[in-house]
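The data below hold one chain only, encoded as structure tokens and taken in the form predicted alone.
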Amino acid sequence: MAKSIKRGKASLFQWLMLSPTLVFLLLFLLIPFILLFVLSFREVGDFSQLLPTYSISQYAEVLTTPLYVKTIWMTLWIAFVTTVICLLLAYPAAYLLVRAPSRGLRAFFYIVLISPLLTSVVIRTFAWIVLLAQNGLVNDVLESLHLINEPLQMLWNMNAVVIAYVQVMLPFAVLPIVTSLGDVDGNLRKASMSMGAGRFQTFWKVTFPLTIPGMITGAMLVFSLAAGSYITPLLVGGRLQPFLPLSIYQQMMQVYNLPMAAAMAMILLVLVFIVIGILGGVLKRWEARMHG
């Protein structure tokens, strides 16, 4: 009886501690999300005014119009490419950070890794404009080395978007891999090498499989952020790029078709949830395989 009362008090204390966060999420996440969902079914008049009727016409238009379908696929493709490049670059960086020979060097690498997160995404994106513009630093260096005769067009295309995305998203891929590498028991590597395995075989057979969950977590973060960002594509890719967040922005701020923007946002949300769900399923199966 006493244990039951004590357990009940502990549970009540936990809910009291969580209540401010739950209230905040209810007011500023769940309720706006429900309103957005309802808004996506509202019909609009000839002058973009909201009508008191509901239909699925917004969803049908987005999913059947070739331009919007291309925009959706391009958004997912750019997010996928960004995720793959980030993981390829993040793993060696994370490995170097964890295996640094001294604490001071590890602290230096952490500062290098975290410092971009302390700077606004807008500022970092403008830095890429300075670098990649026709009169920017990259073109100036290439011309001074006589490698090109005229400035290259490196801005206002999807390649510029991917380059800027990778720079912005890379820390979000490195940090989960660092955590996974840090959790790997050093005795496993010693046991593997004591049984005759070389360094590469030990890495491939022992270390790498144990860090797959960190890579999947990083992929989730990078993909969801890349699919939902619009500032970077707007600044370095231009407003005419087929990118779903840009289309949402244009429908809200330029066309004033709020139901269409809400429908696009809901479709993007569902697609990202599907990808995250697939990655979550892979993560669950992998952990079950590794830990029995």
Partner chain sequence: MARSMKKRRFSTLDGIVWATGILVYVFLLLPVLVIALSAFSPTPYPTFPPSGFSLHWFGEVFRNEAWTAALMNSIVLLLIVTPLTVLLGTTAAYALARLRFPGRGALQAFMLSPLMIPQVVLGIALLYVFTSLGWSGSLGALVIGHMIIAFPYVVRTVSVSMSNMNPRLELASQSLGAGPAETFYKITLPLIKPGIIAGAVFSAVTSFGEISISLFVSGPSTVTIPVRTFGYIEQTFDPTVNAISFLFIVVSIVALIIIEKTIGLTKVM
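Definition used throughout: the rigid core is the maximal C-alpha set that superposes within 1.5 Å between two forms. For clarity, every value in this text was computed on a predicted model and none was experimentally measured. Positions refer to the first chain, counted from 1.
The form predicted together with its partner chain is left out here; the points below concern that form.
- Its partner chain in the model of the complex is not approached by Val206, whose heavy atoms all lie more than 4.5 angstroms from it.
- For the chain shown alone, Leu25 is a contact residue for its partner chain in the model of the complex, at least one non-hydrogen atom being within 4.5 angstroms.
- Although the partner is absent here, Pro66 sits far enough away that none of its heavy atoms falls within 4.5 Å of its partner chain in the model of the complex.
- The closest heavy atom approach of Pro32 to its partner chain in the model of the complex falls within 4.5 Å.
- For a residue to qualify, one of its non-hydrogen atoms must sit within 4.5 Å of its partner chain in the model of the complex; all three of Leu97, Pro171 and Leu268 qualify.
- From the list 110-118, 145-153, 206-214, 75-83, the contact stretch for its partner chain in the model of the complex under a 4.5 Å heavy atom rule is 110-118.
- Listed residues Ala191, Ala197, Val184, Leu137 were compared with its partner chain in the model of the complex; Leu137 is the one with a heavy atom within 4.5 Å.
- In sequence order, Ser224, Leu225, Gly228, Ser229, Tyr230, Ile231, Leu234, Leu235, Arg239, Pro245, Ile248, Tyr249, Met252, Met253, Leu258, Ala261, Ala262 are the residues of 224-262 having a heavy atom within 4.5 Å of its partner chain in the model of the complex; the partner itself is omitted from this view.
- Once both forms are overlaid on the rigid core, the distance between the two CA positions of Leu16 between the shown form and the other one is 2 angstroms or more.
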